[in-house]
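This document opens with one chain alone, in structure tokens, the form predicted alone.
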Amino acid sequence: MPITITAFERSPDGGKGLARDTRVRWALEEVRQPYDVRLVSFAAMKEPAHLAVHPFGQIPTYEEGDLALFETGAIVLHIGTRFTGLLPEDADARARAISWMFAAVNTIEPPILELATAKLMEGDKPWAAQRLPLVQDRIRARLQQLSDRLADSDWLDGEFSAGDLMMASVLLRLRMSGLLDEYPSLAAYVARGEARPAYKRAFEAQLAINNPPPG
């Protein structure tokens, strides 16, 4: 059955790969599955038709026949279990890859999102100057732990997996902050993810929507 995902009609990042549909696109490209994209506006995301698929009115969603999913971690996990190429065949290695997926969204991403909130939504508060360094230090603590674990390995646990896809996608959000550059091994890790042909195809597909050719 054809796969359909949803994406922003116009991404807030202008197609820089930070919108979460990039993660789903990347996963589908890794397993070489074709997919359709239904673009939704910010208004349409809050309408009943979209809320029936994503109860929180966000993107992306994933539809395949009667199956409708939301949350990128759940979608990427489904893709990894449904198709070959993102999760190891060995049961223990597969379990570890799934652990890294959860670590990406539950341990690493929350303080990174907190940084965005501190800058974009709380930057004008009188206490913002005191809060920002605290948030940055929490991120640094997690990045140091992750860097120590990665060491000089290319990927988190042997071969590239869905765990790396999710982790690299999360870390990409730090590029503009400069924090990622403080950890060369992690910066190189993210660059390896971006160099994968599947990522390049996903990135270009999202960019094309946000930067259509003139005429």
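This structure is a prediction, so every number in the text was calculated from the model and none was measured. The first residue of the shown sequence is 1; numbering continues from there.
Another form, the form predicted in complex with a small molecule, is not on view; read the next lines as being about it.
Asks: Determine whether any heavy atom of Asp13 comes within 4.5 Å of a heavy atom of the small molecule in the predicted complex, and answer yes or no.
Replies: Asp13 belongs to the contact set for the small molecule.
Asks: Can you tell me whether Arg32 touches the small molecule? I mean in the predicted complex, with a 4.5 angstroms heavy atom cut-off.
Replies: Although the small molecule is absent here, Arg32 would stay clear of it in the predicted complex, with no heavy atoms inside 4.5 Å.
Asks: Is the gap between Leu18 and the small molecule in the predicted complex 4.5 Å or less for some heavy atom pair?
Replies: Because a heavy atom of Leu18 falls inside 4.5 Å of the small molecule in the predicted complex, the answer is yes.
Asks: Taking any heavy atom pair closer than or equal to 4.5 Å as contact, tell me whether Lys46 reaches the small molecule in the predicted complex.
Replies: Yes.
Asks: Please tell me which of Ile59, Leu28, Ala162, Ala168 lies within 4.5 Å of the small molecule in the predicted complex, judged by heavy atoms.
Replies: Checked against the cut-off, the match is Ile59.
Asks: Look at the stretches 67-75, 80-88, 94-102, 134-142 and give the one with heavy atoms within 4.5 Å of the small molecule in the predicted complex.
Replies: Heavy-atom contact with the partner occurs in 67-75.
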